[in-house]
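Just one chain follows, in the form predicted on its own, and it is written as structure tokens.
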Amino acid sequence: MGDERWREVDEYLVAHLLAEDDALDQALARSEVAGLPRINVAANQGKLLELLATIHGARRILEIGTLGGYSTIWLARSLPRDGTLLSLELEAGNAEVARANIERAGLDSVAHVRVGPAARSMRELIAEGAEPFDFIFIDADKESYPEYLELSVELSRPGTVIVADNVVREGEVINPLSPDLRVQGIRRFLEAASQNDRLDGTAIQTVGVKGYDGFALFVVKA
């Protein structure tokens, strides 16, 4: 079995378990027209994020890496009426597309995008004394994952859930000599997580329309 079967199975699962969704479909279509790379989460992965945040009862969500706002929409739908989501995006053009997609989805009252380097924005939030987040999703440049993890813990409370995407890299994560800086960033991220006494978690391999990859899931301890 390979990529074609993985794609077919994902399509089968999505067709049976996820309803057609014009807001999400249009978000992808408009992102493609704007020239954004097709690196958004898959539909069933987006639904998983929504369910995880809903199960956790998250009221405040932080997303690191917005792109066109596809995963932002999934996550924002989990929020209660008084909830809020802040998404951090480096590129102003991406943020503009994402804001338009979020508004069309009717979620602009709860989901907001801040432009600039994510680590800088996170340090600004810490300096501002921001209320801790209940759920954090990391899906940005892999080289910076170790720094994002450290800052995410600072922006957390006991019980905060942290999800990090793309941590397997087609299995290359096990290669200590990989010349890929993204792989080395993920390796440092996993090593940092393993040594952080405040984190309890795991990582799971996945296959599907996005190929062979995986995600890490952590809970912040007291």
Ligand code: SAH
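Note that the structure is a prediction, hence the values are computed from the model and not measured. So that there is no doubt, residue numbering starts at 1 and follows the sequence shown.
Heads up, the form predicted together with this ligand isn't pictured, but that's what we're talking about next.
Chemist: Based on heavy atom distances of 4.5 Å or less, which listed stretch (60-68, 193-201, 149-157, 171-179) is in contact with this ligand in the model of the complex?
Modeler: Answer to the contact question: 60-68.
Chemist: Taking the shortest heavy atom distance, is Leu79 within 4.5 Å of this ligand in the model of the complex?
Modeler: Leu79 lies outside the contact set for this ligand.
Chemist: With heavy atoms only and a cut-off of 4.5 Å, decide whether Ile39 touches this ligand in the model of the complex.
Modeler: Looking in the model of the complex, residue contacts with this ligand include Ile39, since a heavy atom lies within 4.5 Å.
Chemist: Applying a 4.5 Å heavy atom distance criterion, does Glu124 contact this ligand in the model of the complex?
Modeler: The answer is no: Glu124 has no heavy atom within 4.5 Å of this ligand.
Chemist: Hey, in the model of the complex, is Ala100 touching this ligand, heavy atoms inside 4.5 Å?
Modeler: Contact check for Ala100: no, nothing within 4.5 Å of this ligand in the model of the complex.
Chemist: What is the one choice in Ile136, Ala105, Ala111, Ala118 with a heavy atom within 4.5 Å of this ligand in the model of the complex?
Modeler: Contact with this ligand in the model of the complex is made by Ala118 alone.
Chemist: Heavy atom within 4.5 Å of this ligand in the model of the complex: which residues of 67-106 meet that condition, in order?
Modeler: Counting only heavy atoms within 4.5 Å of this ligand in the model of the complex, the contacting residues of 67-106 are Leu67, Tyr70, Ser71, Leu88, Glu89, Leu90, Glu91, Asn94.
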